[in-house]
Ligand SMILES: Nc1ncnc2c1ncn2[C@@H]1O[C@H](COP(=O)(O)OP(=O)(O)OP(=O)(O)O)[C@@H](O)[C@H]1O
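Starting off, we have a lone chain in the form predicted on its own, written out as structure tokens.
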Amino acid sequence: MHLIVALLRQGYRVGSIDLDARQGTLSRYIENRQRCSAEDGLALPVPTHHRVPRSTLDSASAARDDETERLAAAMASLSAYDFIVIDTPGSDNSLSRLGHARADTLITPLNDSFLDLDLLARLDGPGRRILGPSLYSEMAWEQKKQRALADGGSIDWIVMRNRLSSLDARNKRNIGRLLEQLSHRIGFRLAPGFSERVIFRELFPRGLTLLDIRESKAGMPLSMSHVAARQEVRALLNAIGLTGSFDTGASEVRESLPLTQVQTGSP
């Protein structure tokens, strides 16, 4: 959601697609934003949004064809937009694979724990050595190959360490070391993520992001913690290849890319 708002505030036309319709967090976030804008009189930029739920057809092949068709229709309706941000489910299903295969940039948020590291790799018992890639890593790698075969394109895969602790714990250092090793082994790059902050959860009911709280009617003072969190958002955008000013709405884009973002975790 912060990525969507950052792009909107830089003047881009942004479409969004929720493939994780069962959880539907991105869709609810946008609904909350629309309600807040109407009720509080805030001029909040909002993306053009589509939900694409999983097919209910019994046949696996028919369901896959149905999902392919509906996602293609949503993408076609957004073809004139500058960016399309897709939220995919964390589980491995045909709709998730379709979303991954559409990506120019794949962003995988990863909570900073050995439990979540299992999403990317199988580890030995002490958690010191990588035994091999996980099913998700193999799926992402397969979609990268399929993309290259289909149109010669490539997927820039970014893993973002999320909910980072402020403490310099041993586990935190070990996870960082393993992720560095894994990045070279299975072909992703690491991006700075977000610390564990209450503000991210507090913004959700109103559909706001840290890039909105300078709005005159937002009713939320900008604390030092908020400033630090905004810097984390900027660091992520810089890692992706985008930068700009989000206080006034004016922007300068360092690198303009035709980009389909795919986010595999929470907004």
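From a predicted model like this one, the values you see are computed outputs, not experimental measurements. Heads up: residue numbers just count along the shown sequence, starting at 1.
This protein has a second form, the form predicted in complex with the named molecule, left out of what is shown; the following refers to that one.
Colleague: Taking 4.5 angstroms as the heavy atom distance cut-off, pick the stretch from 147-155, 189-197, 96-104, 134-142 that is near the named molecule in the predicted complex.
Modeller: Selected stretch: 189-197.
Colleague: Decide yes or no: are Asp20, Gln23 and Arg163 jointly within 4.5 Å of the named molecule in the predicted complex, with each residue judged by its heavy atoms?
Modeller: Contact check passed for all of Asp20, Gln23 and Arg163.
Colleague: Tell me, yes or no, whether Gly176 is in contact with the named molecule in the predicted complex, where a contact means a heavy atom of each within 4.5 Å.
Modeller: Gly176: no, not in contact with the named molecule in the predicted complex.
Colleague: What residues, if any, in 83-100 have a non-hydrogen atom within 4.5 angstroms of the named molecule in the predicted complex?
Modeller: Contacting residue: only Gly90.
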